[in-house]
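Before any questions on binding or motion, here is one chain by itself as structure tokens, the form predicted on its own.
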């Protein structure tokens, strides 16, 4: 069947999807393609892009020590906050699913509220304030653990870990809601069949029946958590500044913002964005392969 015949046959479907495809092309596809093109150029927004080939990528990996540092910070964020927030979202959703609908709705709102709170994470700036009035410093000095306050948000030894804590606090987002919804749509007949087949406790139900049924929600949650963990930037800039002291807590995204909106080296910033895009794509592919394999066993 040719393209024209296929279009005529499914005309209604194509017309319905056309508005989304138009917006997706304008706001997602074109910027991605433009970024890939600009990554091979030297572009400062005042003069036309000048083709430089692989120069930006060679500079990134062979001449830019700070990029390797922010890349390491990004992977630390991703491999700590990603799995922990993912497991935390799943376990909390499992815990909440045991309650009646009213209590479940209240608990869901309570656990999801940090994601709704927007910039309220600034409260953490007070909690980790570097003077004696900060809550953490005040408590530690009162208990005799510290003699002098620690500048948590400026000291390169602590700022990365403080931001990881704040990011975990913010991490119960869309993935958590997907898990809560997934637990409410499980096929209950499979639990009865499992009991007949010898499943004896809740953990066996979770492993052999619940998790395989929730493969789509698990995949969605993984994609959302990976995106969130690789894209950490607002919290870093708000608490640690741009850049953070000695780039101790900067991520690839904040480094990209630094080059794109402060230095206006758009070609180099685009190369950073492409590297981040590839890293997120490969991680998503790896997790999708793992979940797909498990769901079909």
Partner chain sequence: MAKGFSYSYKKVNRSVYGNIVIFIILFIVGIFMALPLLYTVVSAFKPLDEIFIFPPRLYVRRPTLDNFVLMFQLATNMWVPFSRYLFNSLFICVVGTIGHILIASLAAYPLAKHQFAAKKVINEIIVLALLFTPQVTYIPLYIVMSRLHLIDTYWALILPSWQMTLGLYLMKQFMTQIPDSLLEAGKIDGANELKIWWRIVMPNVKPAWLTLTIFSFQYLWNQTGGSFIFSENLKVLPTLLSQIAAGGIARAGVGAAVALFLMIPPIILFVISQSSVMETMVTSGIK
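Since the structure is predicted, the reported quantities are computational estimates derived from the model, not experimental observations. The term rigid core refers to the most C-alpha atoms you can superpose between the two forms while keeping them within 1.5 Å. Positions refer to the first chain, counted from 1.
The form predicted together with its partner chain is left out here; the points below concern that form.
Using a 4.5 Å heavy atom cutoff, 112, 124 and 257 all lie near its partner chain in the predicted bound form. When you look in the predicted bound form, the only residue of 208, 158, 75, 191 with a non-hydrogen atom within 4.5 Å of its partner chain is 191. The closest heavy atom approach of residue 217 to its partner chain in the predicted bound form falls within 4.5 Å.
Contact check for residue 81: no non-hydrogen atom falls within 4.5 Å of its partner chain in the predicted bound form. Its partner chain is not shown here, and in the predicted bound form it never comes within 4.5 Å of any heavy atom of residue 67. Taking the partner from the other structure, its partner chain in the predicted bound form has a heavy atom within 4.5 Å of a heavy atom of residue 12. Contacts between stretch 23 to 55 and its partner chain, counted in the predicted bound form as any heavy atom lying within 4.5 Å, involve 23, 24, 26, 27, 28, 30, 31, 32, 34, 35, 38, 43, 45, listed in sequence order. With the core held fixed between this form and the one not shown, residue 285 has its Cα displaced by under 2 Å.
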